[in-house]
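Next up: just one chain, as structure tokens, the form predicted alone.
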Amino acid sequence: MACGGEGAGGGGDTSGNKPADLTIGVAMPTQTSERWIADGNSVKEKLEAKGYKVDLQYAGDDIPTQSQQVDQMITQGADVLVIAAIDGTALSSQLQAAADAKIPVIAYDRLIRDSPNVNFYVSFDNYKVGVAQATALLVGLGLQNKDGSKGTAKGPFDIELFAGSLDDNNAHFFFDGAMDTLKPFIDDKSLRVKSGQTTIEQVAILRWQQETAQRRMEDLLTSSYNDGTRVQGVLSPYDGLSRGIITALQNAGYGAKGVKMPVVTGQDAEIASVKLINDGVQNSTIFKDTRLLAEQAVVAAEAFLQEKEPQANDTKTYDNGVKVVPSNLLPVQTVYKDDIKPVLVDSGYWTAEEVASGQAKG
């Protein structure tokens, strides 16, 4: 790899270089989620198809490891960095080093906070993800129809809320979108959060861990539903959390012997959860097509390599605490059981065989 400084490697003017002389560092958070494996592979494949060298690293959800990986990418002369941060506030010194070496930084799906040295952000409309999740919960309960009209159900329904990791900027957008959507129904008593836990600090799950979500659901059932009442809906912002929540519910007898499984939402269309939706266990998921996100990351990286500014469609929303980061936001789709074939299978995201088995073929 080229060394830092002007010319090939380490930033500087790369507009005259051939793709084979340029390296893009891609830092991904973890391989415990199939979603991030798909993202990393997709970005790598799309860049390599254009002739670029790619240094793809996974950090095992360990912040020091990711910091070290990004440091190494900089010292080895990466020309652009694409970073999906574990902790959106933990990479300030690395980003300063990148800026000093004139290496553009693209934040991938998770906004990197508290640094002026984030050049671009590619993601989905994360507030709308939260709106879509809350809407799916309302539709599942019958309070609202898919077309947005009022449903026939009256309630009150007992629900519980989950949020993602507080150090992930997206978790706040998801939760805000969901709560803005649910608030009128909580206010008019159609929905009741029986535990009383309604702030993001109370309901957040550190590092988006499935086991942590399972434990919290178990605790909620023990503390708030020991009087014979049943939880009827769960707002879950991610399929991994949904599976932990569902495990806790199934262990408590939900979904068996006439005890109805609550309406459980999700996100990312992970194959294990798509199977659960197909089997009528999980209600829905929000599909964020990572192929499109990877494509946007590649378009942005190429723009920087050609000494151009990538095209943003949002220049107001994503303030990282120091600056508003120009962003390209992609749309999302809600997937219920009826949507699995047209949205996921027909587009080639998953095969019918994978949906039936709940496992990706790899």
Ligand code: GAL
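Start at 1 with the first residue shown and count on from there. Note that this is a predicted model, so its numbers are computed, not measured.
As for the form predicted together with this ligand, it is not shown, yet the points below apply to it.
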Report the stretch among 327 to 335, 301 to 309, 28 to 36, 44 to 52 that approaches this ligand in the predicted complex to within 4.5 Å, counting heavy atoms only. 28 to 36
Quick check: do D168, F174 and W208 each get a heavy atom within 4.5 Å of this ligand in the predicted complex? yes
Interface check vs this ligand in the predicted complex: of R216, R113, K288, R243, the one with a heavy atom inside 4.5 Å is K288
Answer yes if any heavy atom of Y238 is within 4.5 Å of a heavy atom of this ligand in the predicted complex; otherwise answer no. yes
Quick one: does Q267 come within 4.5 Å of this ligand in the predicted complex, counting heavy atoms only? yes
Is E160 one of the residues lying within 4.5 Å of this ligand in the predicted complex, judged by heavy atom distances? no
